[in-house]
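In structure tokens, the next block holds one chain alone, the form predicted on its own.
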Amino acid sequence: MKEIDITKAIYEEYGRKLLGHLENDVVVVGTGPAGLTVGYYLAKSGMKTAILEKRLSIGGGIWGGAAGWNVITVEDKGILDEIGVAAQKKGDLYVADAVELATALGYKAKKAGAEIFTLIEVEDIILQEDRVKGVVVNSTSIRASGLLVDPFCIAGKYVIDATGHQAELVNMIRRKKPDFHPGQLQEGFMDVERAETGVVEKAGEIFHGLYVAGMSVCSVFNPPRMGPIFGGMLKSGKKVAELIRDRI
């Protein structure tokens, strides 16, 4: 029966992917610009990488550009050139299509060897010997329903919080270990120059085994927000991938 063959094929393939990525070199949480970029560079370096996204689609805030206009800007188009995204010069900036960027990042990460799982939400962290060793996850729909259904776990030698403004993983540690980060988790007022620099400079390990990249950096360290300019977030992801690659 063809209907059953379809179901069987999907179930077997998804099971194969999930079983193959219950243990990883790196687990990336969030598929915005920083998350997809770090996943791409990690996988390209040969590291076993799982990328988790709680929403149905990848790309985070890329799609909207500014005010829903699906165009983004960067000051340096080096990473765009590498992943094959067209960019046009506009004064001191380059502009690119937001849809092209989101899909290109996802495609390049997948082709490099990263495995992307959507509709998977992190609800807790595996913390052993004062080190992050993975994440506790559940179906996004189960989480949204409020049902008390037990989760499952995905392990990683390193975990990256690329969840954006919410810095969700950092917040999880903070709630149970208040002294870890006693300040507020929020970015500062808009200041593009400082934000673009800060989101790269401060990207790195925030807790043993846990790294922050992209807007999570701004929430944790409170540099300014930068709006619809994405070069710093892309470079932030690349930097974290390089830091972890050097350690592994």
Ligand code: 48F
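When you see a residue number, it is the position in the sequence shown, counting from 1. Keep in mind it's a predicted model, so treat the numbers as computed, not measured.
There is another form of the same protein, the form predicted together with the ligand; it is not shown, and what comes next is about it.
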Checklist entry - Within 4.5 Å of the ligand in the model of the complex, do we find a heavy atom from each of G39, G204 and R245? => result no
Next on the checklist: Please tell me which of I154, V122, L80, V132 lies within 4.5 Å of the ligand in the model of the complex, judged by heavy atoms.
Outcome noted: V122
Checklist entry - Any of the heavy atoms of M47 lying within 4.5 Å of the ligand in the model of the complex? => result no
Next on the checklist: Quick check on V29: any heavy atom within 4.5 Å of the ligand in the model of the complex?
Outcome noted: yes
Checklist entry - Can you check whether R194 is within 4.5 Å of the ligand in the model of the complex, heavy atom basis? => result no
Item to check | Non-hydrogen atom contact M233 with the ligand in the model of the complex at 4.5 angstroms | outcome: yes
Item to check | Partner-proximal stretch of 88 to 96, 157 to 165, 108 to 116, 173 to 181 relative to the ligand in the model of the complex, 4.5 angstroms, heavy atom | outcome: 157 to 165
Checklist entry - In sequence order, which positions of 24 to 56 have a non-hydrogen atom within 4.5 Å of the ligand in the model of the complex? => result V29, G30, T31, G32, P33, A34, G35, L52, E53, K54, R55
